[in-house]
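One chain follows as structure tokens, the form predicted on its own.
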Amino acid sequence: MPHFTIEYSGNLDRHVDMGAVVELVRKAAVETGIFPLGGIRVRAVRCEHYAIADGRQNYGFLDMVLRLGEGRDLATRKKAGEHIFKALSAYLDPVFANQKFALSFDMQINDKETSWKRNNIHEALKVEALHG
């Protein structure tokens, strides 16, 4: 953990480089200093079928959910969330300037008792850091 999932309206592909968005979110998450590097995942899922507000097809949305493990206090989570949201929001300023658009970001804390993981990336990064 943390795992970011971005769902976005398909009409954004004409205006936004989603590869750049996932990289921006990844970098912003690293910059917070509160997440283990080997656990960061950012994925974007294009939504072909969606309905927004009064149904106009020119409206767009990007909804990001961060799932993270327990152990960080509210102040730490808020500071990190604000940093990530600010970076994403600034990147999307041109979208806000040129169309009707909704951006949202929520954090969800996973209960460690009902969350299973298997990951060998953490160890690989440790070895790489030690040996270059």
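From 1 onward, residues are counted along the sequence shown. In this text, all values refer to a predicted model and were calculated from it rather than measured experimentally.
This protein has a second form, the form predicted together with a small molecule, left out of what is shown; the following refers to that one.
- Of the heavy atoms in P36, some are within 4.5 Å of the small molecule in the predicted bound form.
- Contact annotation: R72 falls within 4.5 Å of the small molecule in the predicted bound form, judged by heavy atom distances.
- Of the heavy atoms in R41, some are within 4.5 Å of the small molecule in the predicted bound form.
- Although the partner is absent here, H15 lies well away from the small molecule in the predicted bound form, with no heavy atom inside 4.5 Å.
- Of the stretches 76 to 84, 63 to 71, 96 to 104, 25 to 33, only 63 to 71 has residues with a heavy atom within 4.5 Å of the small molecule in the predicted bound form.
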